[in-house]
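Starting off, we have a lone chain in the form predicted alone, written out as structure tokens.
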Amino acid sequence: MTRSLLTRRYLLAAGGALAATGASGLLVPAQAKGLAPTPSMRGGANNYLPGAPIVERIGGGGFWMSGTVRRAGDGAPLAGQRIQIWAHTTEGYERDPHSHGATLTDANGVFRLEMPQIVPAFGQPHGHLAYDSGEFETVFLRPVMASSSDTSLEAHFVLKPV
């Protein structure tokens, strides 16, 4: 009898918890409604060179720049979007054309490009990224690395249609 009481109590408690969770909306899949666009960062456009070519890799590689591109509002991933990347690296300065390259996002809105190791410029190791294709508003990012020994850096774009 104790066993069925515990089971009944368990079922009542579990059912109540399930009802409360459902009522709170926690069972509904996460939605990105109202996702705000990414603002351009101060200094993000420094040494920008319009029209950098799409490349397999910048220089000798060894460092990975990656991230995602989504549409403002609904958060849908954006495939085929051009992201330009440049930085001060072990192989060149931000202003050098050979330090610039671009890549395209995949079907899930993900991009990834290998480049030389980023080194500090003006005291901070940082990269530069730009969305500049025209279908959405241009956005420049300048993420700073936690340490100059990091071998990767992520940046995420949420783009607003023009």
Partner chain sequence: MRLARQILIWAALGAAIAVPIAAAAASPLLAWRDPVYIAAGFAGIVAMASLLLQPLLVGGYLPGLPAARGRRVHRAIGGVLVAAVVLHVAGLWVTSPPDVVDVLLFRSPTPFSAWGAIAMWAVFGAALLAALRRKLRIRPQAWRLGHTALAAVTVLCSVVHALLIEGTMETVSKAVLCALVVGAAVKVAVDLKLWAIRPRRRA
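Numbering follows the first chain given and starts at 1. None of these values were measured; they are calculated from a predicted model.
There is another form of the same protein, the form predicted together with its partner chain; it is not shown, and what comes next is about it.
Inset, instruction - Given that the partner is absent here, state which listed stretch (131-139, 97-105, 37-45, 53-61) has heavy atoms within 4.5 Å of its partner chain in the predicted bound form. - result: Looking at the other structure, the answer is 37-45.
Legend entry - Interface membership of Thr151, its partner chain in the predicted bound form, 4.5 Å heavy atom rule: No, no contact at 4.5 Å.
Legend entry - Contact flag, Ala121 vs its partner chain in the predicted bound form, heavy atom cut 4.5 Å: Yes, Ala121 sits close enough to its partner chain in the predicted bound form that at least one of its heavy atoms falls within 4.5 Å.
Inset, instruction - Check whether Gly109 has any heavy atom within 4.5 Å of a heavy atom of its partner chain in the predicted bound form, and answer yes or no. - result: Gly109 lies outside the contact set for its partner chain.
Legend entry - Non-hydrogen atom contact Pro125 with its partner chain in the predicted bound form at 4.5 angstroms: Yes, Pro125 sits close enough to its partner chain in the predicted bound form that at least one of its heavy atoms falls within 4.5 Å.
Inset, instruction - Give, in sequence order, every residue of 86-108 that has a heavy atom within 4.5 Å of its partner chain in the predicted bound form, or say none if there are no such residues. - result: Result: His88, Thr89, Thr90, Tyr93, Glu94, Arg95.
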